[in-house]
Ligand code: FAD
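Below, in structure tokens: the form predicted alone, a single chain.
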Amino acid sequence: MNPIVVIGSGLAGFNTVKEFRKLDKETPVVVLTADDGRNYSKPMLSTGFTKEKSADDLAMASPEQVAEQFNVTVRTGVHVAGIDTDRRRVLLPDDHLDYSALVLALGADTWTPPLDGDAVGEVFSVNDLMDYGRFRQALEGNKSVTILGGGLIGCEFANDLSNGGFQVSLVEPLGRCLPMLLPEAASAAVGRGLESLGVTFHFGPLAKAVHHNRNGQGLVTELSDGTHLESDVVLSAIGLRPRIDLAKDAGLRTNRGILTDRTLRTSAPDVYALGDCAEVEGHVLPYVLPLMAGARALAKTLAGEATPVSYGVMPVTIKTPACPVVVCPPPEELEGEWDVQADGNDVQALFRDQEGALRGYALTGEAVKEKLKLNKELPALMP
């Protein structure tokens, strides 16, 4: 019997295996991963400096321990060359692997803007545990970091690095913190919280180039308004893009992500996708709650009981303890307006549609305590 093959060992791949083994102890499973295969929680990467955790500290299990615990084969350092859906085969650089079912848990790539300068190759992004290890090593003995991007990852790292004793400058062209997730009053509260830690903001300009400092010590980030920011290290945290190239090259239907139906089935037989790489009935949700819901549903489907995924209310907790944030973004393109009540950094912003129904919220500071009450009022995202 050919195995179930899972490509990717992040939270999506790992939790699918974990949930599947609760239902089926024997069907062979092979996990292919391009990295070193350690099991870890990606959201913890942006709290490592606060908690003084090395990459090894954040690893919960080695690939050997994962293999033994869940009775699976884990192959590390594997770069998949392609997928042949007609022959039900994963193509490897010097081999192939036939599958009974294939799970694409490919995740997303960080996006770095087009930059000039002789130090572009030294701009870090942190997208996995190995990246985190290299980034942490680069910061040893240094004091300052420039962060490109003021979205979720950028703000979390700004808070975490400040807690770790680093001087942080943050560049965000859209003019405020978390501009894609929060209304302005909530953005301002997060900005004030991070400023209280010493974070310096550069709102408006774009990063154009990263150069080596003339004296050979550190880097200089050149902004579009002519500002030059000196720091020891530069981190790009501008955003994530679903990894779809492997699926696209195999002829699977893709859009922003790999297109799937409610059972996470792609356009090819017995090929499934979940997590950051997937677009489920139009939803691309690179967050933990939908990923876990997907893993539970897909495990049942793989075990023989076709199970559509359901997304309830899916709040996102942003790890900025200087100003706590919980946000449940309203559906894209939904017409309505924000009703904002603010008291300092305690902001409750409710998004109501044209009929007056609650369709989203953003809470900061003490207002995050209203989350559970508001969740009961919100409709499920995908019942």
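Note that residue numbering begins at 1 and tracks the sequence as displayed. Everything quoted here is computed from the prediction, not taken from an experiment.
Not pictured, yet referred to below: the form predicted together with ligand FAD.
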query: Are any of the heavy atoms in residue 199 no more than 4.5 Å from a heavy atom of ligand FAD in the predicted bound form?
result: no
- prompt: Does residue 127 reach ligand FAD in the predicted bound form if we count a contact as any heavy atom within 4.5 Å?
  reply: yes
- prompt: Does any heavy atom of residue 34 come within 4.5 Å of a heavy atom of ligand FAD in the predicted bound form?
  reply: yes
- prompt: Does residue 152 reach ligand FAD in the predicted bound form if we count a contact as any heavy atom within 4.5 Å?
  reply: yes
query: Residues in which of 255-263, 105-113, 206-214, 302-310 have heavy atoms within 4.5 Å of ligand FAD in the predicted bound form?
result: 105-113
message: So, a 4.5 angstroms cut-off on heavy atom distances: do all three of 190, 192 and 368 pass it with respect to ligand FAD in the predicted bound form?
response: no
- prompt: Which listed residue (331, 344, 43, 28) meets the criterion of a heavy atom within 4.5 Å of ligand FAD in the predicted bound form?
  reply: 43
message: Give me the residue from 138, 97, 288, 268 that has a heavy atom within 4.5 Å of ligand FAD in the predicted bound form.
response: 288
message: Could you pull out the residues of 307-344 that have any heavy atom within 4.5 Å of ligand FAD in the predicted bound form?
response: 317, 319
